[in-house]
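One chain comes next, on its own, written as structure tokens: the form predicted on its own.
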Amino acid sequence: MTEKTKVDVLVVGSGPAGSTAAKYAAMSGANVMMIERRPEVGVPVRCGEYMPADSEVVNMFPTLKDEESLYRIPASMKCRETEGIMLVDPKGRETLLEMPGYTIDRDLYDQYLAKCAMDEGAELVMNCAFHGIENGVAKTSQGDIEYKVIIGADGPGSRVARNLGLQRNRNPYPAVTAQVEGDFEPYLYMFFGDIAPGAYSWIIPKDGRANIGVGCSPRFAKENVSVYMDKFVEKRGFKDHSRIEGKYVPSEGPIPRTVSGNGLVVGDAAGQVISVNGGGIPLAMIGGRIAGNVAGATVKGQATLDDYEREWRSIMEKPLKTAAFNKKLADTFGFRSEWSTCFCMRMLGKRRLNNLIRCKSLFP
């Protein structure tokens, strides 16, 4: 990259939100550059690597259109089909929710999405850290980039959001993940209360292995999340696992505003994450497609970035706010003790637990 570069659309971050935004902005004819601070897209993996079936995404977001083209990937990239989600309370009582989905290798998935963006004409620059914005110019570790639109897809601690004057995610919770070998049932297991205070631990099956992890709320946790991970590994009898990687997960729903001036944020940076289970990949791609389309149209003078705010909220805001409200209810009544977690899960029953996972109201 030269000392000063000019582009139509600058995308910061090459995860699902960033790559999808870059792809659709490039498809509109815009000159697009995507920068990534890491040396390799998708590495390290800091994700549960689970994707719900397209039908489940539409169930959660019924106004979403053309989901098939958004989530179309080669069959070989799906590690394993899953049949449902098993919710487990602190006493070991299980509730099976029928919810089809599949697992992926997140590093390969991210690299595939980035390639799709590049195939449409977007340029990807690695080892390029975003430092800030000065007078409408992005300052990076590889020089200045002048842009017409900037898209922040740089995670829950978004520097782009801060530089645009947007609110960053409040009270994200830490989560760690690793891989273990073995044969597992075709269910995503979510354990509440016994190990992870205020959140959950999980086992997500793959092909001859599984993704395991723990998330915890600082409000309820007395120890570091890595300590809880060690306890989870010991309790489940996992003898060996890959290197543990960590991240922060937004927990309070979307931020109040995702557009400022000639910039916007998307994905984790915008709080487009399901509060009750940490799911974010499908949402990041919904937001990314809208962001890319609107950014490309804005460059041509055919739209404004406020169209992005309106469009993504029309699809995702209500379910995400419902999920955030349900999470607050769980924090208030369910996560005070193992007893209260067991009691609340039994009182909710299978129907309301289904609603909880699918971003729907618990009552009536």
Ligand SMILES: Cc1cc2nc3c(=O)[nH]c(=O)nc-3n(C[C@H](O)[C@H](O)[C@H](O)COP(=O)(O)OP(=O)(O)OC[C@H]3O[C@@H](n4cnc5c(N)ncnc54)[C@H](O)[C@@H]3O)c2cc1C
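All figures in this text were calculated on a predicted structure; none of them were measured in a lab. Residue indices: 1-based, along the sequence shown.
Not pictured, yet referred to below: the form predicted in complex with the named molecule.
For the residues 263, 101, 254, 155, the 4.5 Å heavy atom test against the named molecule in the predicted bound form is passed only by 155.
Of the residues given (217, 82, 169, 177), 177 alone sits with a heavy atom within 4.5 Å of the named molecule in the predicted bound form. A residue is said to contact a partner when one of its heavy atoms sits within 4.5 Å of a partner heavy atom; residue 273 meets this definition for the named molecule in the predicted bound form. In the predicted bound form, residue 17 approaches the named molecule with a heavy atom inside 4.5 Å. Using a 4.5 angstroms threshold between heavy atoms, residue 73 stays clear of the named molecule in the predicted bound form. The closest non-hydrogen atom of residue 197 lies beyond 4.5 Å of the named molecule in the predicted bound form.
The stretch in contact with the named molecule in the predicted bound form, judged by heavy atoms within 4.5 Å, is 30-38, chosen from 296-304, 330-338, 60-68, 30-38.
Contact here is defined as any heavy atom lying within 4.5 Å of the named molecule in the predicted bound form, and by that definition each of 50, 279 and 284 is a contact residue.
Of the residues in 125-140, those that come within 4.5 Å of the named molecule in the predicted bound form through at least one heavy atom are, in sequence order, 128, 129, 130.
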